[in-house]
Each structure stands twice: as structure tokens, then as C-alpha cells.
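In C-alpha cells, one chain follows: the form predicted alone.
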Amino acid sequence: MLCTNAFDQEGFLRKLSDWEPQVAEQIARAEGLELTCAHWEILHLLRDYYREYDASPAMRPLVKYCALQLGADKGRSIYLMSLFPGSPAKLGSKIAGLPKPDNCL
């Protein structure tokens, strides 16, 4: 459990190194989500994307990356919205301990 000053005013972790699965659970609970295996699959994919491109993906690149890595049925906006309502790229990145994607408000 991290203290509140580990997060910025929008709830994103200030330091990537503070992330661990328990922190993801903490963030998800604060967002009203209970993480399932499907969520974890996308969270790990988001972290892989960040390692590969040194940036959090916006929605379009996230959808394309999911399709490439997980197949067409999971590389769809509707699927990602069912897991991370509102803005999957923003919410997923937050729970994955990554910075907010550049083009997200």
C-alpha cells in the first residue's frame, strides 16, 4: 500500500519503480474495478508497450498493439472499453503504473 504522495493529483504514480501488482490492485479499487485475468493480460501488455516505445499508448496505438499481440478479437476498442470503461488507454496506463498518455485529457 503506497501513501497518497506517491501519486499525482490525477492518481498516476509519480515513479514507475513504485509499481507492483498490489499497487495495481489499490489503484483499480480506487477506480471501482476488480482486476480479472483479462485485465492483467492488458496491464502486462501496456507495460510491455511502455518498455518497447518508452511511452504510454494512446487509444489507437493500444488497439493496434493488442490486435498484434493478442489477436483481432482482443484488439478492438469495444473489448478494451469493457475492461477499462471511459478511456481504456488512460485508465489502463494508470493501473499499470505508467504515465498518462500524452493526448489524454
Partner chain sequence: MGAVDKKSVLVVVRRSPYGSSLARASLDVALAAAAFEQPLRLLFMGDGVLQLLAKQESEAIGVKNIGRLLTSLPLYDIERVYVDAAAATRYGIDLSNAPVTTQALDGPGIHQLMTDCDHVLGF
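Positions refer to the first chain, counted from 1. Because the structure is predicted, anything quoted here is derived from the model rather than measured.
Below, we turn to the form predicted together with its partner chain, even though it does not appear here.
In the predicted bound form, its partner chain sits within 4.5 Å of a heavy atom belonging to A58.
Y53 belongs to the set of residues with a heavy atom inside 4.5 Å of its partner chain in the predicted bound form. Put simply, Y65 is close to its partner chain in the predicted bound form: some heavy atom of it is within 4.5 Å.
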